[in-house]
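Below, in structure tokens: the form predicted on its own, a single chain.
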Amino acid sequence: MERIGFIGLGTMGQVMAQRLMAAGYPLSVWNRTRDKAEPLIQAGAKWAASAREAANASDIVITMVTDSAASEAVICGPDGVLAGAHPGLTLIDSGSIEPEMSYSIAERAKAKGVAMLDAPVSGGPKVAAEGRLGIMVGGPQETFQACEPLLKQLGSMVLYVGGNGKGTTVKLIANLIMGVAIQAAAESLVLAAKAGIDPQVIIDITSLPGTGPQTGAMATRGPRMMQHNFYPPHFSTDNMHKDLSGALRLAEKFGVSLPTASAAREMLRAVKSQGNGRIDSSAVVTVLEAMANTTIGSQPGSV
């Protein structure tokens, strides 16, 4: 089996790395803070002192960090993945980053003889633990075919969508849908409360399979909104704001208007301005509650 280097052990990275270890892949791991790697080390993973060292010890390196700047740093920095490049090394960047940065990193990797895939994922930690992620992959097709068995350990839907940067482009568009859907779910619950209707009724009716209003955003975020239970985040306000901002920049590049996504981003900005960027993006409901002078559900104070 290929030796895997895994870099970035946040909520998703932890679960993905555990999944690969369970499938029998030997892992070398690195994270900015070693304590997040301890569960994996105790399970048999080897600690690498740097991303460079992880690359030296691996056939394939997977990076799963927060944004474009972080991906560039751990891959292209002086102690990064490319500093540890060797013949046959493959890089898979699973972060949700800007397509332009993904393409730029791929070009720098190519100059070092390293084939790169951008392979951002869709789905939360529970989905990742079950190997049911959606994975959108951009990069050389022959590299994708070589890595497909590995990626299928992590995802039940692994789609090749084109050259470098196309995977991150598809992810931005998919997250645009999710960001707008969460905003719509929050608006409907606040409107129901203001109209004297139990918001739980709206959650129930939009969870009925086969109906027009059925939406995963309501099924997964509606109960959190009702409980004001926004931490730990399923997808943080900071990350959703980042991705909607990326989608809007992409739209600007191609001359496409995204008025609904623009409004959804501004609501996320309001949550961030309150110092709550780290909590779940479903917290947009609190801004709407304040605007409507109402509340929905119970509030256990878990913000």
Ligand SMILES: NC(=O)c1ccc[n+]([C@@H]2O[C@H](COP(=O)([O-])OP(=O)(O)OC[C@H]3O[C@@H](n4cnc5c(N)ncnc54)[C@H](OP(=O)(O)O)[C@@H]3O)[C@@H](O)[C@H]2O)c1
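Numbering starts at 1 and runs along the sequence shown. Fair warning: this is a prediction, and the values are worked out from it, not measured in the lab.
The protein also exists as the form predicted together with this ligand; that form is not presented, and the subsequent description refers to it.
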Self-check item: Residue among V74, A106, V190, V137 with a heavy atom within 4.5 Å of this ligand in the predicted complex
Solution: V74
Exercise. Find the only residue in L27, I62, V65, A48 having a heavy atom within 4.5 Å of this ligand in the predicted complex.
Key: V65
Quiz item: Is there a heavy atom of G131 no more than 4.5 Å from a heavy atom of this ligand in the predicted complex?
Solution: no
Quiz item: Can any non-hydrogen atom of M12 be found within 4.5 angstroms of this ligand in the predicted complex?
Solution: yes
Quiz prompt | Heavy atom of T33 within 4.5 Å of this ligand in the predicted complex | solution = yes
Quiz item: Looking at the partner-bound form in the predicted complex, is G5 within 4.5 Å of this ligand by any heavy atom?
Solution: no
Exercise. Could you tell me which of 38 to 46, 54 to 62, 252 to 260, 238 to 246 sits within 4.5 Å of this ligand in the predicted complex, going by non-hydrogen atoms?
Key: 238 to 246
Quiz prompt | Heavy atom contacts to this ligand in the predicted complex at 4.5 Å, residues of 37 to 60 in sequence order | solution = none
